[in-house]
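Below you will find one chain, with nothing else, as structure tokens; this is the form predicted on its own, and questions on how it binds or moves follow later.
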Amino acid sequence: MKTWRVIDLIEWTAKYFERHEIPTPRLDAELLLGYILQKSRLQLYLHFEMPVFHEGLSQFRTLIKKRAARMPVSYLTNHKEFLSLDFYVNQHVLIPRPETEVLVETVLQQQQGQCRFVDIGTGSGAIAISLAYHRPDWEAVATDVGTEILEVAQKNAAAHNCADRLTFLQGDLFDPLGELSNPRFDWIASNPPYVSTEEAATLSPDVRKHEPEIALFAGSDGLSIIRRIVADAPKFLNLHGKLILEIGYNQSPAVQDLIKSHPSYTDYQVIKDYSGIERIIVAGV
């Protein structure tokens, strides 16, 4: 009977994933095997000759089949790194992406001193928790529509010792802020759904089949949620407060028009992501 070593499993799985058109076959093989063996990718490289026995093989096979069916690695491992923090994720929440890191970095760079912020549609809590983690003196609120979504965010807040500094509220966009004695903020942040329903067929199978539709789609032009946020945010901003939004790759002109047509906004700026795409809009009142 063949004894499978770490290197054998990685090479076999990478070829199997290639045949199934997985975009990053070797990386995914390493991440999944590392998850089963509880080793980092570096540790795998240092233990290439280590044998993997029956229990580990059985668990690894199960993950390989699910990944070949395009289940994202982050859902299989319940793990995604965001701004060097480890976030728990499951299929109730969108997997955090590097583009959203630009949003968090922008707030951290632009806000000096004390701050009160709210993250609208928090999902895994990546935005709110990253801000609270890096700025322990800031007051933080986060909202989302579903109990199961907020359970993920609360789990992450506890993991990063932010639970006592974050208030989680359940409801649609700004609706739950009515529960607060003070519903005004220095910053309103959101990575809202912004994919148009017409674009659904163009998404990768990983996203289309497995990530939550409620976190992805926003009407025929992808702007239905952004319109509501841009329209309502000024009611919840302090004087000189700012709204910061993540937007789709082709939405910058339309969102700029929304902001320019609203009398409460005094200025705005557009920020590009790491790929040079206009991804973040900051609007001040």
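Predicted, not measured: the structure shown is a model, and the values here were computed from it. For every residue, the number given is its place in the sequence shown, counted from 1.
Absent from the display: the form predicted together with glutamine. The rest refers to it.
Q: Heavy atoms within 4.5 Å of glutamine in the predicted bound form: does residue 97 have any?
A: So residue 97 counts as contacting glutamine.
Q: State yes or no: in the predicted bound form, is some non-hydrogen atom of residue 36 no more than 4.5 angstroms from a non-hydrogen atom of glutamine?
A: No, residue 36 is distant from the partner.
Q: Tell me, yes or no, whether residue 195 is in contact with glutamine in the predicted bound form, where a contact means a heavy atom of each within 4.5 Å.
A: Residue-level check for residue 195: yes, a contact with glutamine.
Q: Given that glutamine is not shown alongside this chain, does residue 200 nevertheless sit within 4.5 Å of it in the predicted bound form, heavy atom to heavy atom?
A: Close contact is absent here: in the predicted bound form, residue 200 is far from glutamine, nothing within 4.5 Å, heavy atoms only.
Q: Among 215-223, 47-55, 231-239, 26-34, which stretch has residues whose heavy atoms lie within 4.5 Å of glutamine in the predicted bound form?
A: Going by heavy atoms within 4.5 Å, the stretch is 215-223.
Q: Would you kindly say which of 130, 74, 191, 156 lies with a heavy atom within 4.5 Å of glutamine in the predicted bound form?
A: Of 130, 74, 191, 156, the residue with a heavy atom within 4.5 Å of glutamine in the predicted bound form is 191.
Q: Using a 4.5 Å cut on heavy atoms, which of 108, 180, 207, 163 is close to glutamine in the predicted bound form?
A: Going through each option in turn, the one that passes is 207.
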